[in-house]
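As a starting point, one isolated chain is supplied in structure tokens, in the form predicted alone.
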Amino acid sequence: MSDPVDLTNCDREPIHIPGSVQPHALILVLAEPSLSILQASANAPERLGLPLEELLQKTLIELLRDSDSAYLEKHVLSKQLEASPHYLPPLKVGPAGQTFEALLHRHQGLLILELEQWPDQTSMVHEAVYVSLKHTLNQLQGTTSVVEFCQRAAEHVQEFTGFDRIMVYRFADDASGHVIAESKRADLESYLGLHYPASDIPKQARTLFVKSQLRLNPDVKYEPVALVPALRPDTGLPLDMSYCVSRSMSPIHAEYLQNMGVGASMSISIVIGEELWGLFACHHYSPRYVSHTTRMACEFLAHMLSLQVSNKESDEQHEYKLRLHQEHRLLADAMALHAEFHPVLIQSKGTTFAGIEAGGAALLLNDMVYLRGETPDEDSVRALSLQLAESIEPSVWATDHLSKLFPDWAKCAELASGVLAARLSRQTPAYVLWFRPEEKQTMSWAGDPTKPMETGPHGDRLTPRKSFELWQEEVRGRSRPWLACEIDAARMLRQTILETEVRRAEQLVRLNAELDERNRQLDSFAYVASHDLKEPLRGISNYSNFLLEDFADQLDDQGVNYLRTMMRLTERMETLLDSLLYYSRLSRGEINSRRVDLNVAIEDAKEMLIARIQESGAHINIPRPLPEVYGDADRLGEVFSNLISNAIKYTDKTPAQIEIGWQAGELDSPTVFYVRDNGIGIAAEHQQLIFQIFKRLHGREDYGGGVGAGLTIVRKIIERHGGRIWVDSLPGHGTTFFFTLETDPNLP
């Protein structure tokens, strides 16, 4: 079953192996090093004056004069001939001694000699173009823009070749062509500004335009001349004629040119890097041959144009590129001085980020959206970021037609037809985005681009279109395209941001390590100090007691009071040391983690405090059972014991109301537990002080006394469980302590 007929049929046409040449030329396919003739075009016997059978048994050397053979062996065959055809001086070939224009190139292990002879000398171009070539190049260098540059070049190519019309196409990203310059005969209609659909030049033709920079078709109504034998004798495969200048045209292209009324054509590729940037399309409305001398000049000019066009484009963007580099340097310097990059970016000057010209910009980071200029709303930016994260692989990506990829975005075309996106994270949607609005334009096509061809006589292929009448299209949903320097600027900004984040992460790791070491040293000091001080303190207390027991009757009242005060102070000092020692042990000791039922832990805490609860009449309410957690049961019981004890202690209401509960966390957030009371409350400025060791907010004897270590111990226990604690309080209305614990993945 044949393939369905569509535009890709043209893309599959094997135009590099046509098996024939144009009749103004003949081809000899030669084996090296013997230079024996393996294949010849069917017109070779007549042109060279030898029967085909005899020709295929000869070598090239036998067909040349001695001087030409010597020239070939000495100056040509030792060269690299693979890149493109090598122009030779005119050769006299065969017994008849006919003179030919000659080209030679090496490809796939063969030498291919093309011999051209144009019968109509009146249309042959022989001008001494080299004389004016230097002057031409000087004129081109004085132009200020790519368009002016191409216009001047088109005029000079017309002067060199005498073609009726020279057009300079520039190819767009979608492979359509745009005529940006034209030089023509005065009486012809202008094609300047017209667009040609991508299907006019199939994909494989573009590939050949890159390989072979100049191509001549002196008479588009020619009859092809076949190669004999049709296949290579050494491989049994068709001859690859990619670099043959006289290669037979595609019949579809020949018909296309005839439909335009063209009698002869020549193309000169403008290649930048490995990409086909544009094309000089030369049309003549009758057959026309261009001599080798003129073609060599045009080919040289094409090489120069390829270099100059790139330079001209670079010059046009030079000032803008300098501005972008300056903006980036300012941002990079500012980011280097700050721990986080996003405040620097958000507070930077301009209507977008990094000086990139756009309607607006956005930063999506940690689920926060920062907008600048004219942009879609926050929800739309989040939605777009999700789509980009799921669909776009490159870390920096740009489009001037967003709705083509994401049709739902057509409704936002006025703000975001163009998007430049720099992704900041692979784990979460985090982007810097630039938006460009829609730029409505009317595009003039040479014929309807949506119906370029119809099914016709070329088998299952498509016939070339016949209509080139002006066809105008209103283009919607597209923005001004993003320049390469703008995409580079976005890439540089992304790199700087990532380096800033890496530097920040390294700094945090270092600070955490230093903090851990200092905490370890402080814990060690507290343990040693509290342990070693207890013994002499105990001695002072004992000896004070001995003095009172044995010598109280020998002291006056003042002396006895001094001793009793000393004993009270030592008792208090011992209590402080006990608290400090216990605190340090919490830091040094192991946490015996296991599955813990917090309801049991709370009951244990209440049992320990039963006397105080009964005495105060406090009412403890647990609205619903608490979930199981992973931790040290004794330590967690201590947390509840301390918090309940505090709630009973710091109250001015009877009875004290205490509620213990929990709130499920959202998504990956941990469960939040709380202990709430209706006590005296804590002023906002004191709420962080309550977790400092030995820090009391009230007099020593107020609210039952104490040394001020309970909440410090609570915080240490929770931190050892990977959680955190915080307080919410309003003086006179009560206090709520919230805390979390490390989530254990094994728990439901």
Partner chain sequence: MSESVTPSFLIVEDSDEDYAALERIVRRARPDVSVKLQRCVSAEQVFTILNAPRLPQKPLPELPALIILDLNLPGLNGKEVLRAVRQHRRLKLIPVVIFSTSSNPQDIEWCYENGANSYLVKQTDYTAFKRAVELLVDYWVEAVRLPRPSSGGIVLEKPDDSGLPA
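Keep in mind the model is a prediction, meaning the values are calculated, not measured. Residue numbers count along the first chain shown, from 1.
As for the form predicted in complex with its partner chain, it is not shown, yet the points below apply to it.
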Candidate stretches 530-538, 612-620, 367-375, 240-248 - the one whose heavy atoms come within 4.5 Å of its partner chain in the predicted complex: 530-538
In the predicted complex, P233 touching its partner chain (heavy atom, 4.5 Å): no
Non-hydrogen atom contact T99 with its partner chain in the predicted complex at 4.5 angstroms: no
Its partner chain contact at R585 in the predicted complex, heavy atom, 4.5 Å: yes
Interface membership of E574, its partner chain in the predicted complex, 4.5 Å heavy atom rule: yes
Among the candidates E607, D333, E506, D550, the residue which, in the predicted complex, approaches its partner chain to within 4.5 Å (heavy atoms): D550
Among the candidates T654, N542, N311, T565, the residue which, in the predicted complex, approaches its partner chain to within 4.5 Å (heavy atoms): N542
